[in-house]
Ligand code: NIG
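The chain below stands alone, shown as structure tokens; this is the form predicted on its own.
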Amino acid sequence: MIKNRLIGPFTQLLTMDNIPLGGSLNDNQLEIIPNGGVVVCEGKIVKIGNFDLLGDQFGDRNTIIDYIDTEMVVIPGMIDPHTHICWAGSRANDYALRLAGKSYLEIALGGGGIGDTVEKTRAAEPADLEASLTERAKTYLRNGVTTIEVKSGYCLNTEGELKLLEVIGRVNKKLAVDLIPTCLAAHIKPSDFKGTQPEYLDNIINELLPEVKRRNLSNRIDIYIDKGAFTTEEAILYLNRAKALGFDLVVHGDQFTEGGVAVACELGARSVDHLEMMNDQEIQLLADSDVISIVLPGSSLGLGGRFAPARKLLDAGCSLAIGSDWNPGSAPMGDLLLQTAIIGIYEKMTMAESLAGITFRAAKALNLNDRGVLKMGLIADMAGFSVADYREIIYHQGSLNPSVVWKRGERQ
């Protein structure tokens, strides 16, 4: 007989339920259940509520009690909607050059940047990539991140991009944490491709994407629109063709130059990510669309640049998610909660806005409707912090890690 699992009592249980997908949020909109409990069966939430009342209802021999005997606040498992954590090598030299005054684009033109990681990742054995991705994903899970978007984009040829997506798929199958693969073959045009940028994008469409579909390796396509990457005109043609093949669309936009937001809104992308250089007109475009804004404070920290205008986006009514952008070049930190706390204080985001950005709003950016909220019928992904007040989570600026993480109702 399948048994229920009653988890609790929690000093505070934050459901993140009944909160708007878009716009600014006040902390009093948070649903907080004191002495809370969660009933789980087969990885999904059966019921939430007062722990004692749930015990009276479910407390029989068909229910296992996962008893919490200390103060604890529980929130939905965190979701990182933008990472590049499948790579080989290091870009410590790039970082040293940035500290010495070189810009990201200058370093790339000098042989560093994405091209450096491409060279090392192409040469890496799949087993080595699998091992490093596994360790990064395990680190995430220990820190309460239970769903992770993972991009390819560090091989930039058909064979290598398939290698990366297959590695992501294998790690996803062997770990409890969920990895959501995105094909970012349109990261930049690799230096060894002798044709033009449109010809490189044609190559992806004609050779790579049909194979990605056939092997069921990803249903998401991303493109980097910026100086040194692809133009808006090139991106529109590419994304329209990818959309016709049945892929969801994602855009790297407005990191160093404007333009990506308009493309994302015109084509109905799931999200547009970065946004450090966006203007007020683009903010209004996003507010009038269903595109999720994903801000990446780790990249701002790694490059010493400005943050995306999170406060303006929220006040305009946009739905805003927060990603770490964990990658070997511009964002090597990989700490989602710390970055959330930092952009929160600089952009004056409320606790509710910050937590929404790494739970249900991040889930929506990945088109996942089964997580990010603690609610009947959804996946029982949870992070428990040994504090009595949920505000301590952001207040400690990333130094407070979860003491317990549950993935589909199972302690990790």
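Sequential numbering from 1, following the sequence displayed. Everything quoted here is computed from the prediction, not taken from an experiment.
Here the subject shifts to the form predicted together with N-(iminomethyl)-L-glutamic acid (NIG), a form of this protein not shown in this document.
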Exercise. Which one of S299, S271, Q339, T147 is close to N-(iminomethyl)-L-glutamic acid (NIG) in the predicted complex, taking close to mean a heavy atom within 4.5 Å?
Worked result: S299
Exercise. Among G160, P181, P309, G329, which has at least one heavy atom within 4.5 Å of N-(iminomethyl)-L-glutamic acid (NIG) in the predicted complex?
Worked result: G329
Exercise. Hey, in the predicted complex, does S152 get a heavy atom within 4.5 angstroms of N-(iminomethyl)-L-glutamic acid (NIG)?
Worked result: no
For this session: Give a yes or no for Y224: in the predicted complex, does one of its heavy atoms lie within 4.5 Å of a heavy atom belonging to N-(iminomethyl)-L-glutamic acid (NIG)?
Result: yes
Exercise. So in the predicted complex, does I114 come within 4.5 Å of N-(iminomethyl)-L-glutamic acid (NIG), heavy atom to heavy atom?
Worked result: yes
For this session: Using the partner position in the predicted complex, report whether Y104 sits within 4.5 Å of N-(iminomethyl)-L-glutamic acid (NIG), counting heavy atoms only.
Result: yes
Seminar exercise, completed: Here the chain appears without its partner; judged in the predicted complex, the stretch of 82-90, 160-168, 131-139, 243-251 with heavy atoms within 4.5 Å of N-(iminomethyl)-L-glutamic acid (NIG) is 82-90
